[in-house]
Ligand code: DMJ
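So this first bit is one chain, no partners, the form predicted alone, shown in structure tokens.
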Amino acid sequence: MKISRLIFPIFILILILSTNQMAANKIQNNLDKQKINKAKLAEEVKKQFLHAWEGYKKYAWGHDELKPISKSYKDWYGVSLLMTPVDAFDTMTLMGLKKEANEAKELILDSLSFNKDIYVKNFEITIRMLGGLLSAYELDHDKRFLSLAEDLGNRLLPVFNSKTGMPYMFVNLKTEKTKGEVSNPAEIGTLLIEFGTLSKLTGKSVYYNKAKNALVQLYNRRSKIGLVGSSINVDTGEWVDMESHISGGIDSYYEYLLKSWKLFGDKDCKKMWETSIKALNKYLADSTSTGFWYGQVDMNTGEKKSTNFGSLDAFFPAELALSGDIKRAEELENSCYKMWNLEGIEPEEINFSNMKILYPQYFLRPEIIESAYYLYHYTHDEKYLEMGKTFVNNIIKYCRTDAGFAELKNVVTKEKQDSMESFFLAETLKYLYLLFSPESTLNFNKIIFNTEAHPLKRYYK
């Protein structure tokens, strides 16, 4: 009797444990089924790229960019520079879209000319056009791409003829006249990757020297606490706006300090990055109840000016990760993801102290996706794939049109506006594809991306 009483509770215990194990196995099986299918998502991104490219071909062929709602086109300066084909060529190549890449190549090599009497914005033409042509040459090896890049580089060189060596904002591609003496750190300091690569490929040092001097001249005008302001006069060297941040207008200045060191092994850039990031983390980094962010301060005193954070700022987790600061990178990307999920897609800018939206537009920007790609590369944490899946699904859900993808005028109402800039194909879809595609698609450790996501081969190991 005593034995039977003992056996019964043991039997019950075994039954409970067995049931729990079965339940645990079922949960694990369900989790396994829910694991991200990277190959499927990579193909989905490629499919969406083709949708956007077909829209460009049908309604904007030979022009700078597609207007996806009116099914028409836009040329930035009244005449076409084939901005979308140049910007998108390396994305097609990486995706293995040989037919589309050949179409774009034929159009570029047959039709692109920079001998035009137009003023262009040096910064945008450098990162999109010069960067795109250099990357196209390195991937495709057709010397005609390099010839176009060198021609463009020569036409842009007059921007450096200011009294300080910092570039003017605009240059006429034909007359060499310049204008725009009040500029910002991003437009002054986001040139060395492209001009430096042009020097390496042509053997002509003038491009590297001009762009590096501009970077150094700007850095030398930082404040005593190591920060730069929002705008500066390139003739006088005097600051016009003393607000310091990592947002648009300054952002890629810091990016190019780090990446120029990584790309060329330039020790001056290494030093400039290391002193700059210390100042940023001391004065701009802000841990709040809503997350970890970088705000706005006075460049001379470090006094806090505002608590704004935007879609452009979301590039910074990638830079932190590239520099080896994974902890801050992950914390900041988590905050960026909170911003994305406020309305199911990213607003242009919020106040991070109360998580209120300040500017409700979504311009199809890539920066948060870029950072997820970098962090997945370094950590292999699948949460970044989950983020990527959210990005893909929401962009398709809210931005897809019959002819391509449209920006959002308002992320709350999801009202669209008639624009699809070339960086959507060059950056947004490229980073999404690389996030899900095999690492063999592109050897991350042998390239550096310019700020337009054009991969360029490292000269420094």
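The structure presented is a predicted model; accordingly, all values stated were derived computationally and were not measured. Don't overthink the numbering: it's just position in the shown sequence, from 1.
Below, we turn to the form predicted together with this ligand, even though it does not appear here.
*in the model of the complex, which of the stretches 335-343, 168-176, 363-371, 147-155 has residues with heavy atoms within 4.5 Å of this ligand?*
Heavy-atom contact with the partner occurs in 363-371.
_Whether L97 contacts this ligand in the model of the complex should be assessed with a 4.5 Å heavy atom distance threshold; does it?_
Contact check for L97: no, nothing within 4.5 Å of this ligand in the model of the complex.
*Please check if R128 has a heavy atom lying within 4.5 Å of any heavy atom of this ligand in the model of the complex.*
Taking the distances in the model of the complex, the answer for R128 is yes, it comes within 4.5 Å of this ligand.
*So in the model of the complex, does any heavy atom of F123 sit within 4.5 Å of this ligand?*
Yes, F123 lies within 4.5 Å of this ligand in the model of the complex.
_Taking this ligand as it sits in the model of the complex, is Y56 near enough to touch it, meaning that at least one heavy atom pair lies within 4.5 angstroms?_
No.
*Which one of L284, L81, I277, L312 is close to this ligand in the model of the complex, taking close to mean a heavy atom within 4.5 Å?*
Of the candidates L284, L81, I277, L312, L312 is the one lying within 4.5 Å of this ligand in the model of the complex.
*asked:* Can you pick out, from F423, F49, Y433, F405, the residue that has a heavy atom within 4.5 Å of this ligand in the model of the complex?
replied: Of the listed residues, the single hit is F423.
*Partner contacts in the model of the complex for 427-456 (non-hydrogen atom within 4.5 angstroms of this ligand)*: Contacting residues: E427, T451, E452.
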